[in-house]
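Before any questions on binding or motion, here is one chain by itself as structure tokens, the form predicted on its own.
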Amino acid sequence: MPLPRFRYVAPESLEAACELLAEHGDRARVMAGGTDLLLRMKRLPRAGAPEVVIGLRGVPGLDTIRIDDGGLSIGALTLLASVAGSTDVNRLCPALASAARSTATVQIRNMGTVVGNLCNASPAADTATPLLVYGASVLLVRPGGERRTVPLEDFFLGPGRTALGPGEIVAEVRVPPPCGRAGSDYQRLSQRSRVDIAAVCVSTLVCLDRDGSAARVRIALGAVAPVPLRAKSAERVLEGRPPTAELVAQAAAAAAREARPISDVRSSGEYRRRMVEVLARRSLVRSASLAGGAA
């Protein structure tokens, strides 16, 4: 289907982009890579398609990956391919690099952005679960240059819905410094291949104390609830205890109980729940092993 008619504007600052977005309201959409937006515009009835597309490519400084106080900052125009290939991301946030490599095709990764993947607010967004286990937040800019930071856990409100207010744009994703003895991992399952949207995805993080106990455990689930979510009850099964095979299995089973999957064309809800347990156990074993633990 052809694209509907629209007006494309290319502001040269983030503040100007916010002003345009506030001015046009629901009639406008922001475009970074465009891999999701343009497809959606083709599918929308003409009455529902945006009249104005605000492109961010003319805004300088949004395509960077920086180390800030030991953590990472990933700009709104940073490509998935750049994240997948970044030495800093692979060193500090290997599960995020793995998720970026797993997203769609080479062509999509060379156009799509991490921030766009998050703002699309798909429950199955590949980069959402690793960023959740790393405790990431998003920096939002609003008209007038005012800024606020929102934990990623609070950013997703529902399928296609985020905490962005009128005129607000995500400027970057911020990831705090990793803990000392840490291991992290990303697992996904799709119906046909990694090109297809994930039917289930799981990320985990395990940080160990000197005695080998799990000081911090994070488990995040995707495609099994209206939003990507932390499995907090499952995390508590392991925290403060050595990550033995038995406890890892208990935590994985608890994660499956926290999932709220639906049945659709990609999978039944029951299969998704079972696969959460399988992938969570697999991911926790790998994270604990990378951290130097027993599992």
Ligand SMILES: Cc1cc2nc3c(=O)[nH]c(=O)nc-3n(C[C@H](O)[C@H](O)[C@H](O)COP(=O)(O)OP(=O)(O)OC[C@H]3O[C@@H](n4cnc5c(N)ncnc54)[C@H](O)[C@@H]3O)c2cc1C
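Keep in mind that this is a model prediction, so the values were computed, not measured. Don't overthink the numbering: it's just position in the shown sequence, from 1.
Omitted from view is the form predicted in complex with this ligand, to which the following refers.
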This ligand in the model of the complex: within 4.5 Å of a heavy atom of each of Pro242, Val248 and Ser283? no
Residue contact check: Met41 to this ligand in the model of the complex, 4.5 Å heavy atom: no
Asp196: heavy atom within 4.5 Å of this ligand in the model of the complex? yes
Applying a 4.5 Å heavy atom distance criterion, does Thr35 contact this ligand in the model of the complex? yes
How about Lys232: is it within 4.5 Å of this ligand in the model of the complex, going by heavy atoms? no
Work out which of Leu56, Val237, Val227, Ala259 lies within 4.5 Å of this ligand in the model of the complex, going by heavy atoms. Leu56
Consider the chain as shown here, without its partner, and state which of Leu164, Ala97, Leu92, Leu208 has a heavy atom within 4.5 Å of this ligand in the model of the complex. Leu164
Using a 4.5 Å heavy atom cut-off, which stretch among 177 to 185, 144 to 152, 81 to 89, 107 to 115 contacts this ligand in the model of the complex? 107 to 115
Contacts from 139 to 155 to this ligand in the model of the complex (any heavy atom within 4.5 Å), listed N to C, are none
